[in-house]
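Form predicted on its own, single chain, as structure tokens, below.
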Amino acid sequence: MEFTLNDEQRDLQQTLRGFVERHASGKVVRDAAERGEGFSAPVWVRLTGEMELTGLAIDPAHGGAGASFVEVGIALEELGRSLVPVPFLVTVTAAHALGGPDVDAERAAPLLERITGGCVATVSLGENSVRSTGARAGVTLNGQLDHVLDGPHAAFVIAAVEDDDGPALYGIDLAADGVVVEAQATMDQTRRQATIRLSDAPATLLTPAGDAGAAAVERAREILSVALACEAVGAAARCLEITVKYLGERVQFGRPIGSFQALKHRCADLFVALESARSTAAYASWVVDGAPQELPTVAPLSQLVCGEALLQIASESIQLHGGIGFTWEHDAHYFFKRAKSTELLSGGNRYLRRLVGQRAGII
């Protein structure tokens, strides 16, 4: 594969970076976090209306642009650079889950069209207490979905449910009767979560239960891992840029502290970690469409490598900023909190490392 961006991809990257600088500055992120919402509605409206970003990789038959996941990865990285408080990550993950080969295309079509129209979608792909009742045409769900990313802002959720015949994906309208969405307090104020309680809530069965459903659920989890990896690279890159800039400006003993050899070595190590993560995320983005048979191994590997790089860089950033880095007024804590929340979303780095080893045939 070719890691170099082509002209169209470079234009997308530059357009998004300019958009973020103009409309999603640090003040916007801080305001959204401090209000307790973790969501900027004006930014989301611009991204989905003017730029039509949520339809980037959706088939043109449903109003999308038909791009590949490489372009989605570019968008995730650029939004991740500033921790833009919009639910783009979960919405594009839901869109890819709906476009999977094992999903009922007729039932998924209305949901895909809602996404291209700017609707917020989210996913719940972990273990839960939800169970289904009723016939295929009139199924209802009972139980609870925990830790649903951007759940307070979503219109519908794509959920993995363990039926009697095996796993399956369901679409749940969060405005329907029998659905209660409760916002949760989170460590990462730039990305909220919710608990969703279901009591005879109507739902749409999107995949057959069993092997096909299990494959669709696993693919959705893999897409989420790659999306998190791409976002982590953007956040890590921006975090390192801010740190290097500070080291060049902070003067101690009559010279910029960035000229001290010990700090140069630490920054060099962080740059190596960042570039390793960037290459891993780029390959994983290409694998989604270019070599999907590799996705079961590459997806958790990308989340592991990129998530660890972000955690390392965010931690070092706080240290290298000295006294100011530990304060609430500085933005360093937002990157650290995003790094920790990313690490925990799939069970932690130990779990990911074990999963990669099993799927690669090492353990």
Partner chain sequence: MDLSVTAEDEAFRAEVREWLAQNLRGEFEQLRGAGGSGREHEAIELRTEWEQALGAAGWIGLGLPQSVGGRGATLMQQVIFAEEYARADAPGRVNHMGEYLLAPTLVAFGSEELQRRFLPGVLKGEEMWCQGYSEPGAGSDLAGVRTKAVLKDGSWSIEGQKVWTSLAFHADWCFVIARTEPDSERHRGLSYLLVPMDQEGVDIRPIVQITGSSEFSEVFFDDARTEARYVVGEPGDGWRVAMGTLGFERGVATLAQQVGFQRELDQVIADARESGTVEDPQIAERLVQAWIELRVMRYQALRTLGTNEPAAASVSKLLWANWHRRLGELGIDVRGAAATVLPAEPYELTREQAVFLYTRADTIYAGSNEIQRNILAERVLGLPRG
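Bear in mind the structure is a predicted one, so any value in this text is a computation, not a measurement. Residue numbers count along the first chain shown, from 1.
Just so it is clear, the following notes concern the form predicted together with its partner chain, a form of the same protein that is not shown.
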query: Listed residue that, although its partner chain is not shown, lies within 4.5 Å of it in the predicted bound form (heavy atoms), from 332, 33, 58, 301; finding: 301
query: Residue among 186, 279, 204, 195 with a heavy atom within 4.5 Å of its partner chain in the predicted bound form; finding: 279
query: One stretch from 247 to 255, 171 to 179, 120 to 128, 99 to 107 that, in the predicted bound form, holds residues within 4.5 Å of its partner chain by heavy atom; finding: 247 to 255
query: All of 264, 268 and 350 with a heavy atom within 4.5 Å of its partner chain in the predicted bound form; finding: yes
query: Touches its partner chain in the predicted bound form: residue 341 (any heavy atom, 4.5 Å); finding: no
query: Contact of residue 297 with its partner chain in the predicted bound form (heavy atom, 4.5 Å); finding: yes
query: Exercise: residue 29 in contact with its partner chain in the predicted bound form, heavy atom 4.5 Å; finding: no
query: Any non-hydrogen atom of residue 305 within 4.5 angstroms of its partner chain in the predicted bound form; finding: yes
query: Neighbours of its partner chain in the predicted bound form among 331 to 363 [non-hydrogen atom within 4.5 angstroms]; finding: 350, 353, 356, 357, 360, 361, 362, 363
